[in-house]
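For reference, the chain that follows is the form predicted on its own, supplied as C-alpha cells.
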Amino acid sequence: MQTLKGTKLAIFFGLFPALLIYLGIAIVPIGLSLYYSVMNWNGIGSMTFVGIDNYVQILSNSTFWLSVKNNVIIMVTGLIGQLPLGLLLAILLNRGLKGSGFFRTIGFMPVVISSVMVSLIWGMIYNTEYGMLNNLLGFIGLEGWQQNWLGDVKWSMLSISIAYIWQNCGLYMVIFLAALQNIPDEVNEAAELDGATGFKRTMRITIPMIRSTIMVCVVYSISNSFRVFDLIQILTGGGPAHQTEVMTIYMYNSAFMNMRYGYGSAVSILILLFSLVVITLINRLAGEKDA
C-alpha cells in the first residue's frame, strides 16, 4: 500500500511541470479570452462590461458566417483531399515502390518548410502575369483556361484548397506509413492465402487494421482546419471581397486591425466551440460505428 502511494506521488511530481506548462499556455489564455469576450475593449484603455453583445454582433454578421463557410470548405478539403491522398501514397510506399525513400522525402518536404515559404511558392504558381500555371496553360494552347486564380471569386477558394492539400498531405502519408508498417506480416500472408489481394486486401484488411490511426488523423485534420491562417493570409489576405476569409483571419482583423479585442476574443471562443462540437460529433459517430 505504501509502495503504491509512493508511486502515485512520483507520477504526480513527474507530471506536474508539464501540467503547469499546459495550464499556462492553453487553459489560462482560454480563460482570459472568455473574460475579454464579454468586454468592450480596444486593448489599451479601460474595459466596459457588455455581456453577450459581442457574440450577438458576431452571429448577426454575414462576413463571419462567410468565414465559417470557408472553414467548412477547408475542413472538407482536408478530409476528402489530404487523408485519402496521404493514405494512397503510404500504401504505395509500403509496397516497396522503387525509390520510396526519395518519394517519402519529397512528400514530407512541404510539412517541414514554413507556411510562409509554402504560400510564396503557390503565390508564384498562381501569379496572373508570370505564374507557372498560366504559362503552362498558354504553352499547351489552353490560353482560354488562364485565370486570375487568387483574385477571381470563382477560383480563389479552390486555388487555396489545392495549396492546403499539398501543404499537409505529406504529414498524413508519414503517419499512415508508420501504421501500415506495424501490421504483422503474418496478417498479410494469411490474407493472400485466403485470396485477398490488391484493392480487396486494402479495404478488408489494411484499412480496418489502421482504423484507430485514421481516426486520430481525422480529428487532427479537423482541428488543423480551424487553425488555418498564415497560408490564406499571405496568399489572399482573405480576399477578394472576404471570399477566402476564414474565422482566424476574421478574428485577427477584428482584434488587431480594428482594435476590437473584446470582439476578437469572442470570435476566438466561437472558434474553440465550433472545433469542439465538430470533433465531438466525429468521435461520437466513430464510437457508434464501433459499437
Partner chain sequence: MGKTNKGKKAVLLGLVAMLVMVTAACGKDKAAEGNNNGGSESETITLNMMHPWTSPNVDNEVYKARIAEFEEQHPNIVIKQDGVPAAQYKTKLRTLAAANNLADINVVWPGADLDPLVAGDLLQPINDMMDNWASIMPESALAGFNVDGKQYAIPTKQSFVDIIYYNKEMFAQVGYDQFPDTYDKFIDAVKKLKEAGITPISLGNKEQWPLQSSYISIIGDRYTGSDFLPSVLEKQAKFTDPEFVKALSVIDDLTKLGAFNTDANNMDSVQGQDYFIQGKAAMHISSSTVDGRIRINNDEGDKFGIALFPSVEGGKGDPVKSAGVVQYGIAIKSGLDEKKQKAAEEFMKFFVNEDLYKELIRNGIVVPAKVDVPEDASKYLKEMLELTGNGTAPVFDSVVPTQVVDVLQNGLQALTVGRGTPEELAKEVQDAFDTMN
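Residue numbers count along the first chain shown, from 1. Predicted, not measured: the structure shown is a model, and the values here were computed from it.
Heads up, the form predicted together with the partner chain isn't pictured, but that's what we're talking about next.
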The partner chain contact at S223 in the predicted complex, heavy atom, 4.5 Å: no
Test of understanding: in the predicted complex, would L235 fall inside 4.5 Å of the partner chain by heavy atoms? yes
Even though the partner isn't displayed, in the predicted complex is P84 close enough to the partner chain, meaning a heavy atom within 4.5 Å? no
Spell out, yes or no, whether the shortest heavy atom distance between Y55 and the partner chain in the predicted complex is within 4.5 Å. no
Heavy atom within 4.5 Å of the partner chain in the predicted complex - residue from T128, S100, S115, S212: T128
Assert contact residue (the partner chain, in the predicted complex, non-hydrogen atom within 4.5 Å, options A241, L59, V28, L34) equals A241
Is the partner chain in the predicted complex close enough to G14, A18 and L180 that every residue in that trio has a heavy atom within 4.5 angstroms of it? no
Considering the partner chain in the predicted complex, find the one stretch among 181 to 189, 197 to 205, 163 to 171, 120 to 128 with heavy atoms no farther than 4.5 Å from it. 120 to 128
Going through 137 to 156, which residues have a heavy atom within 4.5 Å of the partner chain in the predicted complex? Please give them in sequence order. N148, L150, G151, V153
